[in-house]
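As structure tokens, one chain now follows by itself in the form predicted alone.
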């Protein structure tokens, strides 16, 4: 068995390309910084920051209706703003809007707000009937990201990919 040597963000970038995902609206996030920088550096992608997560979801939905594939990038706290936007557009109209969330609120998190959203994110996705998968290990990254994206497009259903701090290293915090 061959050990994976590419960093998580290089794997994700390759899977995006293989699935024709060109549009990457995002809300800036330190954990996602290497992926965001790689998207900006590659002319295959159109990547740009948005003011809010709901805006990014709306852009991806509009792009799908115009024939372009996209995916929103955000962190856990930004997910808290999304339930109404997800329920009223991609869930209601079977649009394969994809969101990738860098998970905070667990494994030593210092911010109570992040922890509260982390505890509610998966139950909210479940209540919306949205497929969601958490990527925790480098050796499963390519498979989970690829299959989640493929399923979303084949079923015309929104989906979420959650990037565990076990994969990304999370946000570094000072010791108490």
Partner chain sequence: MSAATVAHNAKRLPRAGVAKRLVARIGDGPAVIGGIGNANFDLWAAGHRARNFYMLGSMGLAIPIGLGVALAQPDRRVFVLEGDGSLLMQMGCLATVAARAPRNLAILILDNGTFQITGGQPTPAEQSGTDLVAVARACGLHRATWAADEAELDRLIDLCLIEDGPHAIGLKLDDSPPERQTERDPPQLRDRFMRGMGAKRDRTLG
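Everything quoted here is computed from the prediction, not taken from an experiment. Residue numbers count along the first chain shown, from 1.
Only in words, not in the display: the form predicted together with the partner chain, which the text now covers.
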Although the partner isn't part of this model, could you tell me whether residue 156 comes within 4.5 Å of the partner chain in the model of the complex, counting any heavy atom of the residue? yes
With the partner left out here, check for me: in the model of the complex, does some heavy atom of residue 52 sit within 4.5 Å of the partner chain? yes
Any non-hydrogen atom of residue 48 within 4.5 angstroms of the partner chain in the model of the complex: yes
Flag residue 116 as yes or no: does it have a non-hydrogen atom within 4.5 angstroms of any non-hydrogen atom of the partner chain in the model of the complex? no
In the model of the complex, the residue from 23, 13, 160, 167 that sits within 4.5 Å of the partner chain by heavy atoms: 23
Among 122-130, 139-147, 31-39, 52-60, which stretch has residues whose heavy atoms lie within 4.5 Å of the partner chain in the model of the complex? 52-60
Residues within 4.5 Å of the partner chain in the model of the complex, restricted to 81-97 and counted by heavy atom: 84, 85, 88, 89, 92, 93, 94, 95
